[in-house]
Ligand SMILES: Cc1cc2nc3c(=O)[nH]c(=O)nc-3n(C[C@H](O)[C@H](O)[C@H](O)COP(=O)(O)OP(=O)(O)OC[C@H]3O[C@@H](n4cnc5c(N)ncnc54)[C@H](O)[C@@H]3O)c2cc1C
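One chain is shown next in structure tokens, namely the form predicted on its own.
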Amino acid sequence: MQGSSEYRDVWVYCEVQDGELTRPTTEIIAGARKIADKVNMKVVGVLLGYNLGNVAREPIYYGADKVIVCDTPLLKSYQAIPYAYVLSDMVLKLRPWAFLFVANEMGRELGARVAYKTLTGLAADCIDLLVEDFVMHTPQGTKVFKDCIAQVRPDFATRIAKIFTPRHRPQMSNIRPGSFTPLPRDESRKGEVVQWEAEIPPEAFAVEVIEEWRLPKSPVKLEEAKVIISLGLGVLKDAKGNPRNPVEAYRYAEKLKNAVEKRLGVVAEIGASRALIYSGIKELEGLIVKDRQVGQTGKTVAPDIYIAAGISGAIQHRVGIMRAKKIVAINTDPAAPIFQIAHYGIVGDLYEVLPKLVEYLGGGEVEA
């Protein structure tokens, strides 16, 4: 067993895009702050790359106490093997108590490699972090591990599961975007920036990067939206069972989005259930795209208001909206599972309710 008293601080691997910390990184710093304060430890941001001077203090402005920067031309282009080599070397020498990554392609790849190289565990796709005692019952007796991280993640069989790593350090997780709210950026926050000198063996560079180009950013901003109007398979029929053109429902949602932004002055967005995304409905091609998917296999969101129109509410979808402040469910089926978590339930036809919401917000009479 690795002695937990030898390990200190909660690390966050910080991702940078276009010279700025990504929003999911700032969210995870807030999550790290939450648990670090409970165990009287520091939050440490870890930055790898090249020409990081302009962003080196950003983790501090978002809540970190310290930043470790490895700035070298060798790390200009992301490659999993050398990046994992540097991070593992840091972990083995500095011994963090916990290490958190974003649950995206890079974070999943790096976190798993670092966990393997440092002989610890990794809890994947977490949506929350808690500090709890872990009680282990064995034939030799009961052992209590004080102040472990309860790594909360969705489970297909139940609502949530808690994962513990009582015997090994660091406790490692990757966190789904949207699981925490970033702390306000504050340039008055004080903290320390230290440089890390890495000696990376040539054999770590398994490939040579010839050219790089960036994919265009998605215009869909579910994680930033204060109001989300999501559509499900209920768009295919009205309350009387008559077939409807699902584009009508999308246009109603679009008009409601615009009315919300104009009336309330906040970001609104259109989301969708997994069932609708993968239904292959020809009319919705280019409108209901993968970037709009909300749920366990899509995006975890935390808007002020989440409107679920024609969504039955499978457990995978409900997990993705658990952090919404208010959930409004519109469904013709009064027994739909979505009503179990809705703050406001409307048993009705989305083709009647959505236009009325638009009119109420001053969007005028609605024509599909």
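Every value quoted in this text rests on a predicted model; they were computed, and no experiment measured them. In case it trips you up, residue 1 is the first one in the sequence shown, and so on.
The same protein also exists as the form predicted together with this ligand; that form is not shown, yet it is the one meant from here on.
K.L.:
Would you point out which of 63-71, 36-44, 303-311, 50-58 contains residues with a non-hydrogen atom within 4.5 Å of this ligand in the predicted bound form?
P.N.:
This holds for exactly one stretch, 303-311.
K.L.:
Of the residues R189, R113, K162, R274, which one places a heavy atom within 4.5 Å of this ligand in the predicted bound form?
P.N.:
Answer to the contact question: R274.
K.L.:
Could you confirm whether K237 comes within 4.5 Å of this ligand in the predicted bound form, counting heavy atoms only?
P.N.:
Yes, K237 is a contact residue.
K.L.:
With a 4.5 Å heavy atom cut-off, would you call L100 a contact of this ligand in the predicted bound form?
P.N.:
Output for L100 is no: heavy atoms all beyond 4.5 Å of this ligand.
K.L.:
Within 4.5 Å, heavy atoms only: does G107 come near this ligand in the predicted bound form?
P.N.:
Answer no; every heavy atom of G107 is more than 4.5 Å from this ligand in the predicted bound form.
K.L.:
Closest heavy atom of L233 to this ligand in the predicted bound form, within 4.5 Å or not?
P.N.:
Yes, contact at 4.5 Å.
K.L.:
If you look in the predicted bound form, which residues in 67-100 sit within 4.5 Å of this ligand (heavy atoms)?
P.N.:
Nothing in this stretch is in contact.
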